[in-house]
Structure formats: structure tokens, C-alpha cells
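The data below hold one chain only, encoded as C-alpha cells and taken in the form predicted alone.
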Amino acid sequence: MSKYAPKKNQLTREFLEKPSPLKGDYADREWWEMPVEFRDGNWCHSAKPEVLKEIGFANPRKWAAPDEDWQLPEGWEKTIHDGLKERLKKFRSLKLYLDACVRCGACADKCHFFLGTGDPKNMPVIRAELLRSVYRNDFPMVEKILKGFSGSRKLTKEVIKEWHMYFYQCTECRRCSVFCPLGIDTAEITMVARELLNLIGVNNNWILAPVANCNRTGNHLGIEPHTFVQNIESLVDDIEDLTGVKVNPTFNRKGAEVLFITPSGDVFGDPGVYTMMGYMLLFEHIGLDYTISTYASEGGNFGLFTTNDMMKKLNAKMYHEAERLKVKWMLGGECGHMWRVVHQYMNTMNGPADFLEEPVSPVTGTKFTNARATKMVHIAEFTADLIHNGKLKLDPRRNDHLRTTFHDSCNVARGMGMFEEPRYILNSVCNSFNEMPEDTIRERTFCCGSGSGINAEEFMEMRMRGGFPRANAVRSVRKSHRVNSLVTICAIDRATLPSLMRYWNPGVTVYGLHELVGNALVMQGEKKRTEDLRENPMAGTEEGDDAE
């Protein structure tokens, strides 16, 4: 485990001994009197100067959060003030969220970081107050008149440090917004606060390096086109070795019916590559006419965690490539923030895509009317429709070595309301599926604790704290149903949940949904399958027990 993650008993002891609002024994200091403490495990490396220069961001320099002097640019106070003023005019929702909060506390105990740390500044209401208190001091006239009663404060270097710490202890998961009686979306406040910090060069390399890579090569990992193709061709060889079936992806082919786009982690990272193998087996099974772009080689969008303009720029590559390749519509893989951007922002940012057609399944004839605007269909919708119409030959016994539960990814669940399709697929491809407690799934799902670009290794202590509520829910079904497999439809989750499970629930392995689809598919011309896509022994393949 990472050197930045303390021992579990150390975290437990600290939680039991340290005063906390969760236990009702918090110290008598007000929240704004608490100093910011940067220590190993609770801060991310700042963006490298060359990264900032590459994407044209402000104040490139070498600095670190524990430094006394952050080398802020001259006039940084005015930069922040003007930036906030501009965004208050541009985003009506921001002003509404800053003005409307009545501090009822309905959100207070809903944040996974507050539950994992007990730090009152991780209550969503207080996290928003970090920005709201400066807004009150600088903007509304009535607040200036009633300054002593308004909770306003001046913008200082200590406030900037506080913003940097706590707005990067928010994964923009929006769980708090589900419980807010006024519908305040603290995630949007976090997004604006991060934009403001970027204006003065206060940032996170784990976010901006992928942004720079995507800006340069089309994907977060900085993979060049030839390497991208080689990685996929290597997976093609692995599929043939395991199944005896040769799948045939194409690249940059004009005139294909579908452009398939998935996160680059599915092409390069473990365990995402097994999900990619599942996609390709599925497409071969149904004879889908698809192509993969080596330019739009990334479905994810770290611009969502950076600035609105960067999110728009990175997202545009998908539309540009769909138009260049003259496809009919787009199909997207398993990812969280990819789908929040597509579902909530894409049509207004980069659309309308009048050059594409309303998506229709070439196999079932189903019209995906919910994708009429974006022209992009989620892979879970697509596969669920195939199963519903009896177009897939599946043997769920091949996944009998897995006792599964399902993690609703925040941005897919809360961001686009997709709850039932992945469960329908999971119940079709495996025989053991067990739900976690009701208040931890679907719309109320807990975050992985590492989303929104804070899945850096040096941030491991906070990741384990923030992920504790999810891990605790997994623990409950592990105890009651002997669950050993956590399935999800998000590339970030597949990258971050393995560490969380190893820390809190050793023995629970993380899978992508379409990896299990790939295991269960009975392919034409396949050899007898004895191993799953990870080369682990596959259930249901004993002698005399062949798939029907």
C-alpha cells in the first residue's frame, strides 16, 4: 500500500480520539478559526511549469502546498475578484447557490469526505461558505452594511490555501445536492472555485497533466496514435489466445456506422483493458459496423475539473472526429465524468450535431430517443437493449466464480439517471448479484473518494478516508453475501476502487461491467473456454458441462 496511507488502526484510533462534530464533542472554535494543515497524504502535487505553459495557464512555477510562500502573482486579489465577478454574471446558477443557502445542515453529513475525516470544513454547507464568505465581503451592498452579522471575510493568502485544500477534497459527486431542500449544487461551487484558483496558478498536476496530454494527443495518457493502435491490437491477440476468436476493430475508417469512444484507461490501464476486451467481443458477436479514432482517443474530460472553456475544447474533438469520419452516430464506453459532460453539457457546448443521425441500433432497430440531441449512446443502454431483444447468446455460469455487487458511479447515476440498465445487464451475465444498502446506491450512491482528478498516489490518506463510506457499504454485503467482486461502469472507479478495496476490504476485486459481458458471451467459433478475460479459472466449464 502507498506510503501516504496510514495504517487502518491508526485512522481508527484518530477517529475515536479526535473531537468531531460527528460525535458531538467538537472544540469550541468556529470553523474559520481552524488553521489549514498540509501534511503527507492530504495534498496533491502542483502542476509542473511546462504543463501550464503548454496549455497557456497562469503563473507557471515550481511550488508545493506545504511551502510558506506560494509565489502568487502580483495583483492576485484583483484577479480573483474580477474572475468571480465575471462568473457571477455568466452563470446564474452560481449566484443563486451563493445567495439561497439557509444553512439548514441537511447536507452536512452527506459528504463522504466529512464522514471520513470529521472535519467541519468538509461539510458541503461549510465548503460552499469558504467561497460564499468572500463573496459577501466583496459584492452585495447589504452585506457590507451588515458586515458584522454576515459572516463575511477578506480574501487573504490563508483563504487561498484553505480553498486549495478543501475544494480538492470535493469530488464534485453531487450527493449533497440530492438532500438539499433548495437544490443547491455544491459541485458547481467547487468547479468555479477551482477555475478561480487556476487563474492565479494554484492547481493540481494530476488534473492538468492529463488536460495537457489530451490537448496535445487526444487522450489523457498522452498516447500517440501508433501506440494507441498497438495497445488495442495487443488486446486483440489476447482475446484470440483466450477464446480462439479473432475480433476486428478498425481505426479512422470513414463511412462506418458508429464511432466508438471510450476512456483511454480502457486501452492502457489495468483493469480497464479487460473491459475493452469485453467491448470488442460484444461488437464482434453482433457484427457492429464501428470504427475507433486515434484522434478522439479519449472519452473522459478532465476539463470538467479545470475550467468550463477547457471542458468545451476537449469535448469538441469527439464531434469533430464524428463529422470527419462521416459516421451516423457515436457510442460511448464506461466512464463517469465522460457521461456527465456528454449528458449535461455537450449539446449546449458543442452542438447541435446536425451532421449526425438520431441513434438507432442496427441490430434491434431501437431508437435511442434520449440521445436525439447529443447523438451519443451509452454502452450500457446499447447492451441492455440487445439483451432485452434476445440478440446475445450468454452463459452467466461463466461468471459463477464471482459474487458481485454494483457501485453506481456518481456521474452516471446522479449525472444522467442511469440506474437500471447496468443492473439488468449484470443480472443477465452472472448468477450472483447482491445490492448494497439502499441509502448507499442509485441516486444516493457514495463516491469512490478519488474522483474529479484527485486520484493521485500522494493523496492516498484522503482517498482512503473519503472512500470509507463506499468501502463500508461493500463490507456489509461481503459479510452478508460473501461478495468478492465490485462491478462498476466508470474508468476512474476502476482505477481507484482497487486501492480502496485492498485497504478496507482485502479480497474484493474490481471489475468493469462489460468485462463480465465478455466472459459470458458465447462466441461463434470459440474454443472451449476455461479462463475468464483475466486468465483466472472460469466457472461452468467443467467436463460435461459445456455452455448450452
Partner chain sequence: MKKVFLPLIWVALLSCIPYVGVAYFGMSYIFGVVIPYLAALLFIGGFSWRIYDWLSRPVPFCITTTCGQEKSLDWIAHQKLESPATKWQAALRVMTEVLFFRSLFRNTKAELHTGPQLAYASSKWLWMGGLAFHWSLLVIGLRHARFFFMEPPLFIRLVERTDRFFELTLPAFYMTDALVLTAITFLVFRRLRDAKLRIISLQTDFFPLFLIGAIALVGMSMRYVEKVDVMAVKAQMMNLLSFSFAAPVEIGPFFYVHLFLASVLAVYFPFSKLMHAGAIFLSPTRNLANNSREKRHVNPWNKPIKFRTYAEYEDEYREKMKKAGLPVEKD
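Numbering follows the first chain given and starts at 1. Because the structure is predicted, anything quoted here is derived from the model rather than measured.
What comes next is about the form predicted in complex with the partner chain, which does not appear here.
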item: Single option in H81, R153, R103, K328 placed near the partner chain in the predicted bound form, where near means a heavy atom within 4.5 Å; value: R103
item: Selected contact from D67, E37, E30, E50, since only one has a non-hydrogen atom within 4.5 angstroms of the partner chain in the predicted bound form; value: E30
item: Partner proximity in the predicted bound form: D289 to the partner chain, non-hydrogen atom cutoff 4.5 Å; value: no
item: Partner contact for K313 in the predicted bound form: the partner chain, 4.5 angstroms, heavy atom; value: yes
item: Heavy atom of L394 within 4.5 Å of the partner chain in the predicted bound form; value: no
item: E284, heavy atom within 4.5 angstroms of the partner chain in the predicted bound form; value: no
item: Options 237-245, 276-284, 109-117, 202-210; stretch whose heavy atom lies within 4.5 Å of the partner chain in the predicted bound form; value: 109-117
item: Complete contact of P6, N484 and K527 with the partner chain in the predicted bound form (any heavy atom, 4.5 Å); value: no
item: Residues of 345-376 having any heavy atom within 4.5 Å of the partner chain in the predicted bound form, listed in sequence order; value: Y345, N347, T348, M349, G351, P352, T366, F368, T369, N370, A371, R372, A373, T374, M376
